[in-house]
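Consider the single chain below, provided in structure tokens and representing the form predicted alone.
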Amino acid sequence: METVISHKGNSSVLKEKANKILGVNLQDAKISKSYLSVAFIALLIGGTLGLLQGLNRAGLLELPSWLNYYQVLTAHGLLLVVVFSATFTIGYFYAGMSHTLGGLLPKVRMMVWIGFWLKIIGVVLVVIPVLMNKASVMYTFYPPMAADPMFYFGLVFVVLGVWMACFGGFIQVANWRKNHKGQHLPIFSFFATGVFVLLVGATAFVAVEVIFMIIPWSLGWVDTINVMVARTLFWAFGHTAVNIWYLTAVSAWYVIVPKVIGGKRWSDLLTRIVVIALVIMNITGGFHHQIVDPGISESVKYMHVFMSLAIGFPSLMTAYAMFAVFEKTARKQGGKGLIGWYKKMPWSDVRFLAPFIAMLAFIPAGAGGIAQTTNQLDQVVHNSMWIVGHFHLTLGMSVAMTFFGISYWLVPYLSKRVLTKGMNQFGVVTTVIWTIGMITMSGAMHTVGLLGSPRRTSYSTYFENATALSWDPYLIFLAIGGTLLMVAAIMQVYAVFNLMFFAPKGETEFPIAEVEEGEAKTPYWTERWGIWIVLMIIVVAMAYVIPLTDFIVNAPPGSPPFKTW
């Protein structure tokens, strides 16, 4: 290797080659570490706000006059649902694309950095009016509640930042395919492509809502807004966003976890079919969040219920695939008996334990989603605390715990450090505390929701109403669970930054599992992304063109803006 380079361009090339030899491109690692840092800072702040909510909702804490419950609720939702999830997803997938596609192109790095700073500007613009109590509209920001226009301009910057990252990913993938004609995209980058396609598709809906409807309305350029159109556009985004974070977690289940346990990954063909199915069918489930809304015909609701339930099929495929991988790996390692082979699983390894618990959590979380997608059952739980409990199971356990497990190998990989035995044990304890806290809190939310407690309301006894008073014991458990979650969140954030800056230096593997020996070659039609995107657009059009046209043609008078806080 040359040691003296006279030209700056050659020096840059040499640096990149050296980085690749050492296992991680340091320029690319800096991008991912920046995204992950923002993600876990958002987790810490959002978790603190969540604890304040839980204590207030249990009647144990009265918030000061300058910080009301709905400010806290709005910031909590935005920081965890939007900032934590999105920034982790982008940082994680870009680390994997750099690893599997031979390093990022310079123009792609520039795009991702631009996207990063656009998101930071957007978050600042969103947070300022929330702190000033001018945007307590919650993370769904439903009209006719209207925030300060700065809030919506901030959301636009966040969406632009996401788009920059997504299109950077598309350019990176297109470049790899151009140089590797006839080859299959590496499975990790295949997942990344699917997630980025969904991110663009989902955020397109909310961008139309915010730019063309809400901003002119909030600025007073138009007097009223079509509430049904706005709600529908939001949930085309909101429903898909949750499933995007789920698909991100699933990528680790299929690709990373088998390597961690010393096994091979599931069928390459079926894995790619799962990604394709989720991309095509995901956006169309948005109406099941509006299943009790007026103005939507029963036939349209039925169609969307079917489309929502269809997403369950790739999820069932995933459940079978994961436990098949576990059993096969354990039996190769000497596991015996109908269930005795579970003893061979590395339960003391946080990189396995956290995502495994996340997988288990998706069983009740998915069942709850089916209940909410069924018209009759949803009548019982809609807008109750049940919904909040369900959301915390899906995002707070299935997604967040997978992200936590990922962080224990991804952060040291990016930082050229190692996970020590002590930090691994610390992670296991963190995982156990988070699990107990989330089960306690979510269980209390589900139960009190079935008893009639509404969501999105601060503590009230409703004039000492007997039914409302009967909720109090369950709300105490909500507060206990929230406290445990806050402890675990602090521990998790500490672990991440310890692994990033203070852990012993060394080389950490990016654990991508290989397919079984002798597996049949995956047909190349799985790589026809143009076809899958066209099918996605057709399915989305089937789902949304008729109802949106009806909402516009037969529009109600519309609503002026309201400030309800």
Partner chain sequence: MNQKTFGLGLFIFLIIPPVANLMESVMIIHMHMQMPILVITGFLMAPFFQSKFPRFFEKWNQNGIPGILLFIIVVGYWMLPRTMDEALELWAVELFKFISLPFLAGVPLRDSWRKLGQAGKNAVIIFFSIAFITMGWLYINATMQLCNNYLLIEQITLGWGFLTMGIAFVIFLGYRFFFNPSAYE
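The structure displayed is predicted, hence computed values, not measured ones. Numbering follows the first chain given and starts at 1.
If you look for the form predicted together with its partner chain, you will not find it shown, but the lines that follow are about it.
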Exercise for the section: Considering only heavy atoms, tell me if residue 155 and its partner chain come within 4.5 Å of each other in the predicted complex. Expected result: no
Exercise for the section: Spell out, yes or no, whether the shortest heavy atom distance between residue 182 and its partner chain in the predicted complex is within 4.5 Å. Expected result: yes
Exercise for the section: Decide whether residue 131 counts as a contact residue for its partner chain in the predicted complex under a heavy atom distance cut-off of 4.5 Å. Expected result: no
Exercise for the section: Report yes if any heavy atom of residue 501 sits within 4.5 Å of a heavy atom of its partner chain in the predicted complex; otherwise report no. Expected result: no
Handout entry: Interface stretch in the predicted complex with its partner chain - options 508 to 516, 24 to 32, 527 to 535, 37 to 45, non-hydrogen atom within 4.5 Å
Key = 527 to 535
Exercise for the section: Name the single residue among 177, 76, 416, 259 that comes within 4.5 Å of its partner chain in the predicted complex, judging by heavy atoms. Expected result: 177
Fill in the blank from the handout: Residues in 531 to 565 that come within 4.5 Å of its partner chain in the predicted complex by at least one heavy atom, in order, are 531, 534, 537, 538, 541, 542, 545, 546, 549, 550, 553, 554
